[in-house]
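Taking the form predicted on its own, here's one chain by itself in structure tokens.
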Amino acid sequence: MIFTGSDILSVEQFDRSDIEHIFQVADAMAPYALRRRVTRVLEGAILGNMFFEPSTRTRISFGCAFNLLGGEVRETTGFESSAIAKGESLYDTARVLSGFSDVICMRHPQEGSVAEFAAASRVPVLNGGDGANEHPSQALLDLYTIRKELASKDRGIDGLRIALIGDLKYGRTVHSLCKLLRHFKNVQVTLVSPAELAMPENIVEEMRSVGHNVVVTEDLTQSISNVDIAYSTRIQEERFASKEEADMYRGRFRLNQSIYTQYCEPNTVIMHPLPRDSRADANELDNDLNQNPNLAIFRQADNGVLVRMALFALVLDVVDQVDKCARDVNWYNSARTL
């Protein structure tokens, strides 16, 4: 695809070469994400960060990525603090706020809302998550994490064995990740969920149509016994009609160190898009996994900054200028690693 000036709304926009190009640019962002170098390549540019649904990591990660490239961030969080609460349409909001920004990141609880907003925007729009539909930057950072974790074992994404666990019906991160995995070869995907929260059938069939081996099951322990990646997800409580309905599934698939030791291969990588639900009745990934070197959830979050920096650099066409606008840092920097 042509990245310059483009909206990033869906992983359907990318082919394998696009994905590899994004990852190549993300690799080059490491000195800046680690604060070893400073670049001002986006000095004077403004990101409109519009989050109409609760977010911590995604919102701050997008803002951090833009700041690290030298840009400024303006934020709107929640409907109550925006003119939408007064009845303003997405069209009007897009027309106005795109006049104040050079690029916009948007999260909204309704499927298709970000695409509707982007159609009226005068600047590129990046999808920070639209309802239960997609979360393209999260899927990219997840795949980037998988690539890095496997590279440390001299492996590539082709031939990947992955178990996706939990709420696969409403989990937009796994929807987008599965769509990206179609571009790779010989992938084995095990989908572990209650029948009521199963992966949408169209996504399952799309993976099978490219030759991937897809297994649908409710058996956690057997599903994680022969995989490279165990990717756990949170029950998407906000997508259910009531908390009581969500509670029916909470805590169904818990992973702790004892289960990991008994059933997983020694180097199985544990992933989660965060936030993990650590309440006693959920406890998806037990705190006793925190010292497990194969717990990659915080490396995932770090990688999100790299991938989002790459997307901004590509969309605003400054990839070749990043290093030209750089200098060493002039403050104390502890030994940060990714």
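Just so you know, these numbers come straight off a predicted model, no measurement behind them. Numbers follow the displayed sequence, beginning with 1.
Another form exists, predicted together with N-carbamoyl-L-aspartate (NCD); not displayed. Remarks below refer to it.
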Decide if the three candidate residues Q138, T173 and R234 all line N-carbamoyl-L-aspartate (NCD) in the predicted bound form, where lining means a heavy atom within 4.5 Å.
yes
Going by heavy atom distances of 4.5 angstroms or less, which of I46, L295, A30, L274 would be at the interface with N-carbamoyl-L-aspartate (NCD) in the predicted bound form?
L274
Under a 4.5 angstroms heavy atom criterion, identify the one residue in R36, R40, R299, R57 near N-carbamoyl-L-aspartate (NCD) in the predicted bound form.
R57
With a 4.5 Å heavy atom cut-off to N-carbamoyl-L-aspartate (NCD) in the predicted bound form, the contacting stretch among 63 to 71, 285 to 293, 309 to 317, 266 to 274 is 266 to 274
Does at least one non-hydrogen atom of R107 fall within 4.5 angstroms of N-carbamoyl-L-aspartate (NCD) in the predicted bound form?
yes
